[in-house]
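For reference, the chain that follows is the form predicted alone, supplied as structure tokens.
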């Protein structure tokens, strides 16, 4: 963790119910929501404007690949994991090489992945 500062997680997910569940688990872990985005453009803007420590990244946002977001995260050395209903091997680079959690996800595994973002 970062001293006394709160860990801030960006949730990038285009399905409102899933985004709400992810936010709930982030807060249950004791982290803060650093923002939510449901499109590539929203996510990239939040990365520019907000102080983010880690990201939960849906692989497909309204039919668009989130690979450009993954590239931006790698350039900033920000930890993230990819959440997707696709098989990991079906995803384009740089998504297929990133930490991955399949939808539907196991709540315990999700909690573990979120905790890892703050380490």
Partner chain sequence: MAARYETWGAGLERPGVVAVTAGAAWIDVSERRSGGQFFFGDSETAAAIAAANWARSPLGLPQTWPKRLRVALEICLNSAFPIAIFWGGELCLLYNDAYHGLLADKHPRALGRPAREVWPEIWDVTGPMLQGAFTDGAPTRSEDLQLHMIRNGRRDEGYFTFSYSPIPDDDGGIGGVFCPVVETTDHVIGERRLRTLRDLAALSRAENEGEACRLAASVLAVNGYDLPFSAIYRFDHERGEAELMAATGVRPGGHIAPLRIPLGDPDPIRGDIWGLAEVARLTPGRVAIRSIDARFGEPPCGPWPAAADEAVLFPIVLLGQDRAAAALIAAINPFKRLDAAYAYFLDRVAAKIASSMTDARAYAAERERAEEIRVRELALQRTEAELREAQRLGRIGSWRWSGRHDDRGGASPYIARIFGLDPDAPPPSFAEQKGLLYAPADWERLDAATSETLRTGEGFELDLPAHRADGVAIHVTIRGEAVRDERDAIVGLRSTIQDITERKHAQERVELLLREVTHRAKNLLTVVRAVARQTARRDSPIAFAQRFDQRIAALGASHDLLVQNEWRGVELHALTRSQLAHFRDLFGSRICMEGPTTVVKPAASQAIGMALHELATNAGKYGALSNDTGVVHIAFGVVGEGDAPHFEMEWRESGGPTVVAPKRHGFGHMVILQMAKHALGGQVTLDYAPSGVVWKVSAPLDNVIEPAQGED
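Computed from a prediction, not measured in an experiment: that's the story for all the values here. Numbering follows the first chain given and starts at 1.
Omitted here: the form predicted in complex with its partner chain. The next part is about that form.
Check: Just one of 87, 64, 75, 50 has a heavy atom within 4.5 Å of its partner chain in the model of the complex. Which one?
Finding: After the contact test, the surviving option is 87.
Note to self: Quick one: 6, 32 and 41 and its partner chain in the model of the complex, is every residue within 4.5 Å by at least one heavy atom?
What the structure shows: No, because 6, 32 and 41 lack any heavy atom that approaches its partner chain to within 4.5 Å in the model of the complex.
Next item on the list: Considering only heavy atoms, tell me if residue 71 and its partner chain come within 4.5 Å of each other in the model of the complex.
Entry: Flag for residue 71 set to no.
Item checked: its partner chain contact at residue 97 in the model of the complex, heavy atom, 4.5 Å -> No, residue 97 sits far enough from its partner chain in the model of the complex that none of its heavy atoms falls within 4.5 Å.
Check: Can you check whether residue 37 is within 4.5 Å of its partner chain in the model of the complex, heavy atom basis?
Finding: Taking the distances in the model of the complex, the answer for residue 37 is yes, it comes within 4.5 Å of its partner chain.
Margin query: Contact with its partner chain in the model of the complex for residue 93, defined as at least one heavy atom pair within 4.5 Å: yes or no?
Written below: No.
Next item on the list: Output the sequence-ordered list of residues from 16-35 with at least one heavy atom within 4.5 Å of its partner chain in the model of the complex.
Entry: Stretch hits, in order: 16, 17, 18, 19, 20, 21, 24, 25, 28.
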